[in-house]
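Given next, in structure tokens, is a single chain: the form predicted on its own.
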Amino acid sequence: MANGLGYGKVILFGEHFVVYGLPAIASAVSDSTLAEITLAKGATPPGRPGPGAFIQEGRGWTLHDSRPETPGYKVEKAPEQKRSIELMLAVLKIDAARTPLKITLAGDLKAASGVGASAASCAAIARALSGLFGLGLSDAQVNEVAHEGEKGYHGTPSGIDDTAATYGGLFLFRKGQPKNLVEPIRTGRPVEIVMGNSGLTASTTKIVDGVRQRRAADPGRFDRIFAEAERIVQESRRALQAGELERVGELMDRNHRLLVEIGVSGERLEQLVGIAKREGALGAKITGTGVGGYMVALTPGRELQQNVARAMERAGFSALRTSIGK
């Protein structure tokens, strides 16, 4: 038996734009996914699933997924999850048909759109496979395997989610060839945030394709949006490092307006952003894929964080209280 861990994530600036080589800023969050993998003697590994576990089988492996979830997420993502696991096994040259495996997923990170759930599970599984088979993978190699797994979910992932899931921390990210640029950002102290869950599951592949089609139809407008998005990232890095949180909040609001303009918001996300701003959040925006999933609010101080989170919960949403940076 071997275990592995992968962190959830929040994208503070630059989601969607990062696919096109623009910089983004992301952070791991405290919630994480745990993977436990055991060898089994038969083609179908034994073991009783945990309460409410989602079960699916592949070629020589069985998955028991006991993560908390946005209702319907696991069922909707099941085909992508299966492809993801097969891709990771293939890149590690593990033949589960000859060495059957039971994979269990747990932890406190909700399986939901917008919080890096797929990447966290990929990093956790990669680490557990490394331990079980004595592969001795470094963090960089775990990141590579997790990125391969992310292809099962997203087709051509940027790499930002699996980087956060593997390494943790707050960082500037730029997709590159052959190597991504990752620069840590120091804030001096942790800063409280709230992530509000819309309760909707979104397909990253479909939404990214939609943005690509809209860009092709109106390249001039998107060039302007992209240039503004890049300026926001560079300004926000300086503001984060200087501890200028009010400026960070203003930049988050600007980033949110750009995401609305490219068509990745939704009624519930807008409702959550409105709640956060009314309760005093310094900034609030979509994070991740958009349409469904999460938004993020900048709420320095426990009192403000609690006020914003409770207001979201009173409105019928779930809220994740966490922090970024240090």
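Residue numbers here begin at 1 and follow the sequence given. Just so you know, these numbers come straight off a predicted model, no measurement behind them.
From this point on, the text means the form predicted in complex with a small molecule, which you will not see here.
The single contact residue among 236, 158, 104, 81, judged by any heavy atom lying within 4.5 Å of the small molecule in the model of the complex, is 158. When the small molecule is considered in the model of the complex, only one residue from 256, 110, 247, 154 comes within 4.5 Å through any heavy atom, namely 154. Although the partner is absent from this view, residue 27 stays clear of the small molecule in the model of the complex, with no non-hydrogen atom inside 4.5 angstroms. Heavy atoms of residue 204 reach within 4.5 Å of the small molecule in the model of the complex, making it an interface residue. Contact check for residue 87: every heavy atom lies farther than 4.5 Å from the small molecule in the model of the complex. Heavy atoms of residue 19 reach within 4.5 Å of the small molecule in the model of the complex, making it an interface residue. Figure note: of the listed segments 60-68, 28-36, 281-289, 266-274, the one touching the small molecule in the model of the complex, with heavy atoms no more than 4.5 Å away, is 281-289.
Three-residue candidate spot 11, 15 and 208; every residue lies within 4.5 angstroms of the small molecule in the model of the complex by at least one non-hydrogen atom.
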